[in-house]
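Listed next as structure tokens is one chain, alone, in the form predicted alone.
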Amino acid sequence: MNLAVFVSGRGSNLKAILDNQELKSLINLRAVCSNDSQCNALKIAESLKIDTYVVPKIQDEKEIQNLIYFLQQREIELIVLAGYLKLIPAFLVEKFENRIINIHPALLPSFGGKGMYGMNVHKAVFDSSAKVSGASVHFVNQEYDKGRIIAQRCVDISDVKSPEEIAERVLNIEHQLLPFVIKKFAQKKIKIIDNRVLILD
């Protein structure tokens, strides 16, 4: 399965995908895209000779078409948002319907939406006094964090003393969950039935 990963930051989830032994025979990482030309994820990709694409800050129709052309040229079958902080344009969502997924560092539908990314999420979780957090992988639609949930994993945070502690625990879960979901996509074991997403054994 040909994969493109969209990242805005240091690329720890990208690294988790690249390091996962089960994925090595299942995926071909064809592209890494970012809205930040200086982000570490692009450097990781370039060091491995993976094609990169910098998404412009202002995305007019021509720029979106250029991005779609770039993805289609590489026969991308699944787009993975791994810490990508920009809203995906509607036209791209339509072109890759049910083929764009995102990982979110909380248990959706709680603690999602515009502005809820990175430490903002963990601070909100900490301030709510929630005892459990985790990670969610969901389909991307035209709203932040509103697409159907594919898979979630929980982690106990009842004893944490800071949002940073939550972030550390959740990141460990993310590094397990995202490769698992990608593997299931590559094996064609993700199905949508009666508006619910099922993962087959």
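All of these numbers come straight from a predicted model, not from anything done at the bench. Just count from 1 along the sequence shown to find any residue number.
Omitted here: the form predicted together with a small molecule. The next part is about that form.
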- Note on the structure: Here the chain appears without its partner; judged in the predicted bound form, the stretch of 88 to 96, 69 to 77, 123 to 131, 101 to 109 with heavy atoms within 4.5 Å of the small molecule is 101 to 109
- Interface residue in the predicted bound form among 54, 155, 171, 26, criterion: non-hydrogen atom within 4.5 angstroms of the small molecule: 171
- Would you please decide whether residue 20 lies within 4.5 angstroms of the small molecule in the predicted bound form, comparing each non-hydrogen atom pair? no
- Task: Tell me, yes or no, whether residue 179 is in contact with the small molecule in the predicted bound form, where a contact means a heavy atom of each within 4.5 Å.
- Result: no
- Message: I'd like to check something about residue 183: if you look in the predicted bound form, is any of its heavy atoms closer than or equal to 4.5 Å to a heavy atom of the small molecule?
- Response: no
- 4.5 Å heavy atom contact, residue 10 to the small molecule in the predicted bound form: yes
